[in-house]
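To begin, one chain is listed below as structure tokens, in the form predicted alone.
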């Protein structure tokens, strides 16, 4: 997710090419959201409200937003809400007061920002939802993200492929999902289950704990300790003699928590999926301890968000490529989606070849 693409224009071009053939998209279509705020001065303030620092990709996003927006000539106000939802609400209100022309929001809880976004809309500010869809409000203009349903599909695909490499089934697996207050968590899970459910129905894959529903497998706050505690309980209650063959994990941080639990229980390593290309997980993939991750280039995603800001500044509207898929409960939010890439030990060197941090780990 750190693959370096140097200019916003190049990022936009690469992203447009990458979207060809990506599921759930209107490939090649472009449109713009209605109700955008119109053009504004190049040196205007752009606010970026990010969630808690729960993974490497958010830390990198802060750095790249500051760099790219400053390079493009804007004033920036980039903030994390490590104190929770109320802090993010206050930060957005502060950005409105400061006169931001665009606010890019990576929401902690996408359903808890309605009041602040109504204030932003009344002030003529354009809102771009970043990575996570903002829900239950009409006052969001755009969404920029990787195709998160596709991420889940790739995770389910990787899990089944990894299981087959272990020999014949049936296989025992357990499911893990992200935080229920993150709109992406359900999309990841639904995408994965669209691939896994047929194998479950055929009896090729079994879930000994019986925990199959999204509400049963969520991880509050995306916190590793919550995932590890749950898996400690699952292993002690269901795997005293049975073998755990695989785990659907929605990201790398939780994958490592599962691996810690498995090792503490003295179990052989299962096939574990992930997401975000975190350094420690890439190391584990090359060692064979974690099976896969998903590459979602943060630099490309931030770059696309900045491209949208540039388009809003100069034209009053931004290009999108999916105007049908993202209904937030109040409106269908026009989106620009980028394509995720599945990574295993077999293709890691190729995927990360231009990444100064990750490429050396694949040697």
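Numbering follows the first chain given and starts at 1. This one's a predicted model, so the numbers in the text were calculated from it and none came from an experiment.
There is another form of this protein, the form predicted in complex with a small molecule, and it is not shown here; the text below is about that form.
A.B. asks: 310, 66, 39, 55: which sits within 4.5 Å of the small molecule in the predicted bound form by any heavy atom?
C.D. replies: Going through each option in turn, the one that passes is 55.
A.B. asks: From the list 153, 182, 135, 245, which entry has a heavy atom within 4.5 Å of the small molecule in the predicted bound form?
C.D. replies: Only one listed residue qualifies here, and that residue is 182.
A.B. asks: With the partner left out here, check for me: in the predicted bound form, does some heavy atom of residue 174 sit within 4.5 Å of the small molecule?
C.D. replies: Contact check for residue 174: no, nothing within 4.5 Å of the small molecule in the predicted bound form.
A.B. asks: Just checking whether residue 222 would be counted as a contact of the small molecule in the predicted bound form - the rule being heavy atoms within 4.5 angstroms.
C.D. replies: Within the cut-off, so yes.
A.B. asks: Does at least one non-hydrogen atom of residue 249 fall within 4.5 angstroms of the small molecule in the predicted bound form?
C.D. replies: Contact with the small molecule, no.
A.B. asks: Is the gap between residue 188 and the small molecule in the predicted bound form 4.5 Å or less for some heavy atom pair?
C.D. replies: Close contact exists here: in the predicted bound form, residue 188 approaches the small molecule to within 4.5 Å, heavy atoms only.
A.B. asks: Just one of 206-214, 226-234, 272-280, 255-263 has heavy atoms within 4.5 Å of the small molecule in the predicted bound form; which?
C.D. replies: Among the candidates, contact is made by 272-280.
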